[in-house]
Each structure stands twice: as structure tokens, then as C-alpha cells.
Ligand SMILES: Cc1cc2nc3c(=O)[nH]c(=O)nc-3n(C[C@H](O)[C@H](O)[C@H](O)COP(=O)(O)OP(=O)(O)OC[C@H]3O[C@@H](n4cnc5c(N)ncnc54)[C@H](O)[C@@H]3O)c2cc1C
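As a starting point, one isolated chain is supplied in C-alpha cells, in the form predicted on its own.
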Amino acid sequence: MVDDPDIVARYAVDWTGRFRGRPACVVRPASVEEVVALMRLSAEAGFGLVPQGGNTGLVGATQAPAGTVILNLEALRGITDDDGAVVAAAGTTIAEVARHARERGHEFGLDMASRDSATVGGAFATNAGGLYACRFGRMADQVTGVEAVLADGTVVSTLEGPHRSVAGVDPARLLAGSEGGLAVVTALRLRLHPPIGPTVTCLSGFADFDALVDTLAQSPPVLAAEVFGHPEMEIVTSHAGLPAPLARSRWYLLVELEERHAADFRPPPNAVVGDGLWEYRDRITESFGTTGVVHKHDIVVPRRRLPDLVERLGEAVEPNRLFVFGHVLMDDFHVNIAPPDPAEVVPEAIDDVVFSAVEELGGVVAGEHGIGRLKRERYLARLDPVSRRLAEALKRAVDPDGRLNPGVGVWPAPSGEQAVDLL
């Protein structure tokens, strides 16, 4: 247990700097047995537990309210091989699983810019998609078994046995995207894919967004397709000191595909092929470190409506700065609003401006980053009554006292819920 205020503070603040929890302490179990003991202690003493992985979340889902305890799982790590798959402890990073898979001639189907600190447990909690989702699917599609601890200390495990069974309730599917509100996931059985082989990366510039979408529609199968605009290119080249890779364009498309398909891909004249191009996409988020506290939103809109969203928000958020990029084939985009000066603060009301614009364009306000606390009120207000009743019934069945990650996601909050501070 860690209760030193300076150390606890590092776990209590989210990556963006927007959300600050007020936990009583932080615990870092290193085994499933220690997690069981903590859950039983929580049940006896009545305090809430907030599961946390690498603390790379962006929706305030792991910033603990007053009186609760952060259950950080980074010490719960390790990988074992299992009949063409791997079993990874929840605190294992995505990068560690990917390296392990490649050393054995396989490929792990999930990747993201935060790969070195984001954990597989955290990715499962939000059902993250990442850079290769258009080829391999989301995190839930990589999981064939789960070990988790319920609020009363009961261990549920499907790590062994008939992994391909389609009968009954699948705990792995049930817990994917649950944001730590139903159980604490301690290990995952992850499917591995055949090696990809040589790949080609192409960065293309477009003046017209429809032309970009049409190029993708006519392309051979791709491993990844990422879109961003000139503002994002400008900030990443300035921050990272990267050279301008091609002539200035309104929109940029970064595509990775297998070498055997490269000859069939038809980029526009303003394009470049080569190594190192992923750096222009990977380092966009890092570049926001120079802009002050950023309002980050992960949303879903029909891909051809993305220019409409950018136009609406560009006018609505001024004088704040708007940056938008994301996974174009998944219709999943990251909206970032930075203050005009790092010392200034973006008004909280801008969140509702973003949400309203997304909904008016036929989208949804929560994508792969989850709902957390940031989007909870908006999401629940638009959740259909049947889905809401199902969520309430499920929460009552496995966590009747509401001690697991109270006030997060779609799960009903316990009475007397405590707030999380906005910085």
C-alpha cells in the first residue's frame, strides 16, 4: 500500500491533466491472490476500488473519488505461451506482448501510440481498437479467455478448457469494455496471428476528403489507415523537428499494407513511400504536451462527415485550437481542443459543443477510449431504456454494493457518490 501524498498524486491525475482523483491510497498487487485479498478486504470494510492499468486513459475512468482506493495493476505482469496463443497478466504492456509474439513468429493484433505504457488489461477495459483494428478487430477480438476477480473475491477464469465453445455466457465478451465496473481483470488469453511479412507505408496528401475516402474504397486490403489534417501535420513537425514529408495538403492519409498488395494501391500524385512515416502519426498526441491542458474526445462519426465535423467545431471552439485525427476505416476519430495559450484553460462547456455536433452528424460521443466520467451523463441520457435496465441488473448481480469503479461508464453509481476534481 502507498499513501505518501506525492506518490499517490502520480496515480490520481489522468494523462491529460484534466481529472484529479482523491484516493485514500494506492495498492499494487503482484498476484491474483493479492487481488482476491484486496477485494475481500474491500467487501468487509466497505471502501470502493478503482482498477487502473498504465493510467493512459483519457476519460477520467481511473481517477478515484474521495475515500476509494486505486488498485493499480502494473505490477501484475508476465507472459506465458499457450498452444499458439499467450496468457498475459493484466499489467503487461501492449508493446511487451507484441515483442513476445514477434520473437515467436507471430503477430499481436493490437497496437497504439501509447503501446509502451498502455496495458492489455486497460485496453480490454475499454475494448480499444487502435491502429490495426481495420485488419484484426478490437481488443475483444484478440481475447479468447479471461481471468477476473469479482467484488466478493470470487475468481472467474476461462483461461483453460474449450476456448472455441459458443455455448452459454462468455465472461470475456461480457467484461470487454466494462471499464472495471464489473470485475478486476487479472489475466487474458490472447490469440496471435500469422506474421505479416514485409510491409509498405505510404503517406498521401489530398485537397478533397471525398477523394481520400474513394482512394481507400478502391484500395487493396490494408493493415492500417490513419487520417489527419494540416493542423496536425504542422504541430507534429514543429514539436518533433520532423521535415515536411510532402507538399502541403488539407488532408493526409497514412496507409500501411503488405508488400504483396503495394502495387495495387493507387495514391494521388502528392504521396511518398518509405520508412519512418509512422512517426508523423504516432507523435501527434505527444505534440500536445506543448499546448497546455487539452480537452480530448474519442468519437465516432460516418467518415464522409468528418470534414463537416471539423468545420463546425473549428468555428465553435475559437479562439481555442482544434486538432482531429484517427482511424478512418473504423469511423473512430480523436478530437482535441487546446487553449490558445498554454497558461489558459479551455472552458468545460466546450465538451457539450463537441457532443452536440457529433450527435447532429449521426455519430456517438464514445469510441475506443470508453465513457469514463467525462461522457457518463451525456451517454446515459441517450441510452435506451432496455440497455440501461440490463446494465443495472448486471451490476446488481456481480457488484450489488457498487464498490468497483463507482460512477464510471454505464453502471449505476452507489448512493452518496463522490466527485472527481477537474483541474
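Just count from 1 along the sequence shown to find any residue number. Small disclaimer: the values here were computed from a predicted structure and weren't measured.
The same protein also exists as the form predicted together with the ligand; that form is not shown, yet it is the one meant from here on.
Partner proximity in the model of the complex, defined as non-hydrogen atoms within 4.5 angstroms of the ligand, places exactly one of 199 to 207, 116 to 124, 253 to 261, 266 to 274 at the interface: 116 to 124.
This chain lacks the partner; the member of L212, V184, I299, L190 within 4.5 angstroms of the ligand in the model of the complex by a non-hydrogen atom is V184. Contact check for L58: a heavy atom falls within 4.5 Å of the ligand in the model of the complex. Using a 4.5 Å cutoff between non-hydrogen atoms, S249 does not count as a contact of the ligand in the model of the complex. Not displayed here, the ligand is approached by H369 to within 4.5 Å at the level of heavy atoms in the model of the complex. Proximity of G53 to the ligand in the model of the complex falls within the 4.5 Å heavy atom cutoff.
With contact defined as any non-hydrogen atom lying within 4.5 angstroms of the ligand in the model of the complex, W15 is the only contacting residue in 14 to 47.
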